[in-house]
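In structure tokens, one chain follows: the form predicted alone.
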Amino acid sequence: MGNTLALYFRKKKRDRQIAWKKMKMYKSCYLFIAPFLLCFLVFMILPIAISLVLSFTYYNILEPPRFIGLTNYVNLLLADDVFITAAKNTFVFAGIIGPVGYLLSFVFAWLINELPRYLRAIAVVVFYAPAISGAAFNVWSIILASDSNGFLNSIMIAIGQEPQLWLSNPKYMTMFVIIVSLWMSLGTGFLAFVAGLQGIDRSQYEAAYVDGIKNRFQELWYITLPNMKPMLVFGAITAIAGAFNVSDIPEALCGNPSTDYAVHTVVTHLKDYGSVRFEMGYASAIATILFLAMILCNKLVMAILNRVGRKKKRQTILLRAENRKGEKR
């Protein structure tokens, strides 16, 4: 046992020495990435660490933080009914908007990639515009307006039906928030998919048809997806972050708080306690739980993508082996 531990620590020491030598060898490279690392540390890592510490305190900005242990987490999970409702709504939105938006981003990028160059550029702008345009909220507010001037209500009146309070009735609010969120979900991940599809070497498709690929779906499964793994991972991360950060769309369409908290999300709850009530310790506890949920979902999605990638690799190898056997016969 003692010899094993000694060998382990000796190996660790040797690894550290090798890593230090490599760092000195490539010190100019580290100098180039130092500005990014510094900004990442100051604006990402440090705020997360501070938020984690503040989550164990009572802090209202006016007074110094006072340590209260796990009180914020106990109150959040056991006594805050609004947070439980917000968590349920958030997981519903994340479970629908994340996977469906991710799939739609890839499908539209794949279809657009088949267009001629100039038409492709126009299509990318058309599909990406809702994600960056603030006018999207105004468009849907007009469509779903509760009075007779609303586009949807004017249709209801024209066919002899009663107009509805689309953005105030809990029966309809969740559905329309999901529809608008999906409509605006073609963001950065969509652009990454378009760029990834453009970067695939066309000669791979020619070689694939020689190896036995027979249709476009096999081409997609065996060639396109394996080549786009980095973009797929990036798109998955952005989709998860976007799905859990749904708050602007429910607030813009249904107000804050919404009727019966029907579309109240964790981020909206966080804004309420952090920006309105200034209970920063409690808001930090909400942020910590949201952060942990996003990390766990990210790990789950990465595991699924890696498993699918290994399966596709095995299938590709088997397909090539079968084709070679057929050629020999």
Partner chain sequence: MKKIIRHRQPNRSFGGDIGVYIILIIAGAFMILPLLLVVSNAFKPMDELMKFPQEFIVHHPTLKNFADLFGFLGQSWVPFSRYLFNTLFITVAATVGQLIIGSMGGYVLAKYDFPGSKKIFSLIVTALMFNGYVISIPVYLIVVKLNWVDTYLAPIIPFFASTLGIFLMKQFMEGIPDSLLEAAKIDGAKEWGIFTKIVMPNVKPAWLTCIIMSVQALWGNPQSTYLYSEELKTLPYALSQVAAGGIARRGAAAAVQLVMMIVPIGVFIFSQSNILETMANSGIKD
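Since this is a predicted model, take the numbers as computed values, not measurements. Numbering follows the first chain given and starts at 1. Between two forms, the rigid core is defined as the largest C-alpha subset superposing within 1.5 Å.
Below, we turn to the form predicted in complex with its partner chain, even though it does not appear here.
A single residue from the set V126, I96, L78, M175 has any heavy atom within 4.5 angstroms of its partner chain in the predicted complex; that residue is V126. For the candidate set L103, M156, L119, V82, a heavy atom within 4.5 Å of its partner chain in the predicted complex is found for exactly one residue, namely L119.
Although its partner chain is omitted here, in the predicted complex none of N169, A252 and A303 has a heavy atom within 4.5 Å of it. In the predicted complex, its partner chain sits within 4.5 Å of a heavy atom belonging to I112. Contact check for V74: no non-hydrogen atom falls within 4.5 Å of its partner chain in the predicted complex.
Mapping the unseen interface onto this chain, R216 counts among the residues with a heavy atom inside 4.5 Å of its partner chain in the predicted complex. Of the heavy atoms in V42, some are within 4.5 Å of its partner chain in the predicted complex. Along 253 to 267, a non-hydrogen atom within 4.5 Å of its partner chain in the predicted complex is carried only by V267. The two forms, fitted on the rigid core, differ between this form and the one not shown by less than 2 Å at the CA of L292. With the core superposed, N75 shows a C-alpha displacement below 2 Å between this form and the one not shown.
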